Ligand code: PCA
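Consider the single chain below, provided in structure tokens and representing the form predicted on its own.
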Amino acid sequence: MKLTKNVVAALAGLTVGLAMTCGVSATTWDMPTPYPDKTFHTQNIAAFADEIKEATAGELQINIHSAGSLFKHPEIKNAVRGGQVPIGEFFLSRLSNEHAVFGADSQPFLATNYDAAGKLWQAQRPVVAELLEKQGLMPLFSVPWPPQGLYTKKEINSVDDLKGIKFRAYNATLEMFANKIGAAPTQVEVPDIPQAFATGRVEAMITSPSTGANSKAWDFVTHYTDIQAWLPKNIVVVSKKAFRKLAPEIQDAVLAAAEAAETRGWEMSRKETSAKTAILEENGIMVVTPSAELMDGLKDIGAKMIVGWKNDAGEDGDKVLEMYQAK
């Protein structure tokens, strides 16, 4: 049957009208994340999205774009700030070039266990929130990675054993740390780790048992030295402009889900530490307790870096350290 132009126009108008009616109260947020679906951070965010969808009866839905598929990791924060997406996750200390306070949790040997990391976040969060607010952003929740360990192709007994090694860096602090131990830092994102080792771009890295196991580190290194250097965090932020557009009850649902995600995420991280360390060992990596000589050398470098960090962080850094030490 041949349709007249009037009939076609009428059908098109009806379709548009139905679409507008069906979607009048529903909002969908695209959310870029830098890590693959199997990473516990991404799994926690998936649960966060599910809770919001359920609590709002589908009025707010979050469409997760994992593994840097929508925006690459370095682009995510500015994508939220610029309004390209309303919400996103990224590694907090990536922003340490903007302000040193963002990198407090990546300072070597400042907070080396979950209790200390939790207290540091309590001290850091108000200052981080204030800094992000100036960019139109609001933190929703933050979750740490397991304590960072040292992955190498040989046994490491002292800092001198690391000199000249090509070293993976993921933020400015780790790049500085690599330089101070005499290694050669190279910026490599998580999805590129296996290829970087395979092509010789890097020969060693400091990262969590999670990233090591997920990257199948046994294919390219032989030793994991459990130095527990720091517990860096991922953070989920939302555009304040996008958040304010939500109805009050939807805002409350987002904040409640964020609080639950932070609690759940920290517990997931704790469990992840032992589970993924065991996987490393099961696949042939030698899990090594660091020597006293190695730890003394690393902690000495860490102490010197804290002095420099305090100078860079200024009054905001003093606030964080004073609150942290008081706790």
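Values in this document were obtained by computation on a predicted structure and should not be read as measured data. Heads up: residue numbers just count along the shown sequence, starting at 1.
Below: the form predicted together with the named molecule, not depicted.
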key: Which of 143 to 151, 119 to 127, 177 to 185, 82 to 90 lines the interface with the named molecule in the model of the complex (heavy atom within 4.5 Å)   = 143 to 151
ask   = Exactly one of V236, V190, A111, A196 has a non-hydrogen atom within 4.5 Å of the named molecule in the model of the complex; which residue is it?
value = V190
message = If the cut-off is 4.5 angstroms on heavy atoms, which of these, T173, S208, N214, T225, is the one near the named molecule in the model of the complex?
response = S208
query = Would G103 sit within 4.5 Å of the named molecule in the model of the complex, counting heavy atoms only?
reply = no
ask   = Would Y35 count as touching the named molecule in the model of the complex under a 4.5 Å heavy atom rule?
value = yes
task = Go through 218 to 253 residue by residue and record those having a heavy atom within 4.5 Å of the named molecule in the model of the complex; state none if no residue qualifies.
result = P232
